[in-house]
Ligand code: LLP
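Before any questions on binding or motion, here is one chain by itself as structure tokens, the form predicted alone.
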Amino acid sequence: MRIDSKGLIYLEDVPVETIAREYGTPTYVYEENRIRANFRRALSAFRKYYPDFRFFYAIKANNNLAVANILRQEGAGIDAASINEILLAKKLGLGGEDVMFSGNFLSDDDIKQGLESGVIFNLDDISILPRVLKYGKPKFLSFRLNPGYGQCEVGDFVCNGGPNAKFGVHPDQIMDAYRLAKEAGITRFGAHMMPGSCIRDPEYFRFITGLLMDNIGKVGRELGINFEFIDLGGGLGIPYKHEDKVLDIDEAAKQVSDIFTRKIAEYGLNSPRLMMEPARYFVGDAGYIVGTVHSIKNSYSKIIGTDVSMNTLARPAMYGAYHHIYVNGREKEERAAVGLCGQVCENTDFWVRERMLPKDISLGDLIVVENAGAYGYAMSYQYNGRLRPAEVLVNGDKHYLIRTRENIEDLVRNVSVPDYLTK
């Protein structure tokens, strides 16, 4: 994103006025070149210190196939949290060992379809293994360890590691999990964890990698397992507030690779591939929402009403997430503390309070919500008859519609009304 001397906002080289005129609002917009730059920066850093390194993309964060294809072109595999995400990977031309299936609390149907797909099976708990073996034997198996620690910079509700997280095998059970798998005749193994969410401290990645390796290293040494990969999960963070520090990705890669290499030697492991599966780091700061101011209310406070509602962007209403807001053509103007809300009939849709925005914001102004590329559209939903927005990809001065705005037919598409109710 850039802002010119007149305060007009461009996404890559496309004016937000063009986006609004061509596609309407609200609309999600993704900068292709930012996504590629984010991926290449991180990949270069990790391969600099540990050449046998690969990224998988956690497609749950943004499942638009245009966005996912950008990352596929850059060399990413897919981390799938469900069977349908395995099928999305298939539409990208990816399968087998290019896909990691990391679902949790799996149903029998999940297990059967996962086995049929031939992807890497990453089990979230020891109790799932006997159920998997009822239907077949995975070619490639991993267990997801919960190392007992987790860090999160976007709220406790999204911290996916540590004692309060629902994910992963307890450290006291990880030896038994791999022992049972080996006794069942499985011969190819990996290991996995989630360190937390949106972490910007390189030292934490060193700490949590060492913790994982101490658990997995003992498993490999005692059971004679040669792990083919060790996946550190995601967690690479981005700054949501402008005063937040940026993750030093080179330092994080250096710290991780150093402790990883040391622990490989300490436990006599056969130099496994090192992997991670971020999403936010690749797409989060490459995505924006363009919306329109529709109403201004002066009541107990001044409230700016826009078409960016909690159903468009759920994160602020769900767990108080911060997203910076710009106003097209007004960024150099005097500021005042105002609130901002959407059009949904819930008070949680009053998702910005006491934010310093341009004092003279007016009807028809365009707002731009920053850092909306991850867990934005993917978490949007239909409520109050408010439908999901369009999605657009920009590349230089070119722009492409990559998902059509929903209409009333999408609201009733799968509804069936018994004949007697229509009389």
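All residue numbers refer to positions in the sequence shown, first residue = 1. Fair warning: this is a prediction, and the values are worked out from it, not measured in the lab.
The next section is about a form of this same protein that is not shown, the form predicted in complex with this ligand.
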Task: Residues Asp79, Arg144 and Arg315 all lining this ligand in the predicted complex, heavy atom within 4.5 Å - done: yes
Task: Contact of Val132 with this ligand in the predicted complex (heavy atom, 4.5 Å) - done: no
- [ ] Tell me, yes or no, whether Thr209 is in contact with this ligand in the predicted complex, where a contact means a heavy atom of each within 4.5 Å.
- [x] no
Open item on the list: in the predicted complex, is there a heavy atom of this ligand that lies within 4.5 Å of any heavy atom of Lys60, even though the partner is absent here?
Closed with: yes
Open item on the list: Does any part of Cys341 reach within 4.5 Å of this ligand in the predicted complex? Heavy atoms only, please.
Closed with: no
- [ ] Check each of Ile304, Leu123, Leu236, Ala252 and return the one that places a heavy atom within 4.5 angstroms of this ligand in the predicted complex.
- [x] Leu236
Open item on the list: Only one of Ala181, Val219, Ile111, Met194 gets a heavy atom within 4.5 Å of this ligand in the predicted complex. Which one?
Closed with: Met194
Open item on the list: Please pick out the stretch from 194-202, 292-300, 113-121, 347-355 that is in contact with this ligand in the predicted complex, where contact means heavy atoms within 4.5 Å.
Closed with: 194-202
Task: Residues from 93-122 in contact with this ligand (non-hydrogen atom within 4.5 Å) in the predicted complex - done: Ser102
